[in-house]
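Here you get one chain, nothing else, as structure tokens; it is the form predicted on its own.
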């Protein structure tokens, strides 16, 4: 593609950081991973940060940390990547899919509350594309019903709500470090929490159930766990990028602002609403169009890598077949988002000329 959907930000300092790891001879999780976690903690002002092998594993670990398992209900928005619901189902829990607001594509407040039962252990909302959730509402609901909030913030590193970073508002938040994300380690994820007990349990679980901070010769394995670590090599990539995270966020905000100004006059294209009192990190820039598939193919033929926004899970065979997955109603908001959302190219270093090419092609596609 002449204009790709995303280009990862890879500063020249990455090679230096990786070489330090190679020279040390210690390639698996270690000091560099700790430094990367500390840089995230300092940026977010989150008390505890755990780097893991990927975001899906991170969500699974978070759910297990609060005791989610068979007999429990986890509420998930229907419009999201399948990994969100997969992680809950893997624990043995049941998943209830609820609608999203068709304007924001975030979990619908009314449908969320209607889905809560005595078995609701956790709500797993998604701060989709970098748009923060309304935590004023979510925290009121949590206080009323007593569930945990595990936030799938795969796309939202750097986003803020009410002056606080996403990653400090939910009981546990999980970010992705996939190459499409603001900060990437190739593959990887981050778990954040301000709860010491949960952090200690998750740290143990990602290390085979090992008691944290044991000396090598005194290792104790107090529980069953898995291997979910992030290596020093991967962490070095993320650590080099973290130096520039504020600059990267400002640039993406400016690119999104320019897109909005260019797109506003185009008939047939509309923009999602953004959460009030929040800062959108713009991992993805999404628009709504009619005949999305046709528009997307026209853009691709011109060398512009457009993509669907995400998936309406209840339309996918895996979730139709799964007995522990259920939903109510038409999920019309999710269906609208699934059929009309279009992700446009957005990446750090994108030029005005590239944005103009995207917008001109989009205008031509929706008017022809």
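Numbering follows the first chain given and starts at 1. Every value quoted in this text rests on a predicted model; they were computed, and no experiment measured them.
Absent from the display: the form predicted together with a small molecule. The rest refers to it.
Colleague: Although the partner isn't part of this model, could you tell me whether residue 80 comes within 4.5 Å of the small molecule in the predicted bound form, counting any heavy atom of the residue?
Modeller: Residue 80: contacts the small molecule in the predicted bound form.
Colleague: Closest heavy atom of residue 84 to the small molecule in the predicted bound form, within 4.5 Å or not?
Modeller: Because a heavy atom of residue 84 falls inside 4.5 Å of the small molecule in the predicted bound form, the answer is yes.
Colleague: May I ask you to state whether residue 62 is within 4.5 Å of the small molecule in the predicted bound form, using heavy atom distances?
Modeller: Residue-level check for residue 62: no, no contact with the small molecule.
Colleague: May I ask you to state whether residue 33 is within 4.5 Å of the small molecule in the predicted bound form, using heavy atom distances?
Modeller: Residue-level check for residue 33: no, no contact with the small molecule.
Colleague: Which residue among 126, 169, 202, 160 has a heavy atom within 4.5 angstroms of the small molecule in the predicted bound form?
Modeller: The residue in contact is 126.
Colleague: Taking the small molecule in the predicted bound form as the reference, which of 154, 182, 133, 230 has a non-hydrogen atom within 4.5 Å?
Modeller: For this set of options, the contacting one is 154.
Colleague: Which of 334 to 342, 317 to 325, 35 to 43, 49 to 57 has heavy atoms within 4.5 Å of the small molecule in the predicted bound form?
Modeller: The contacting stretch is 49 to 57.
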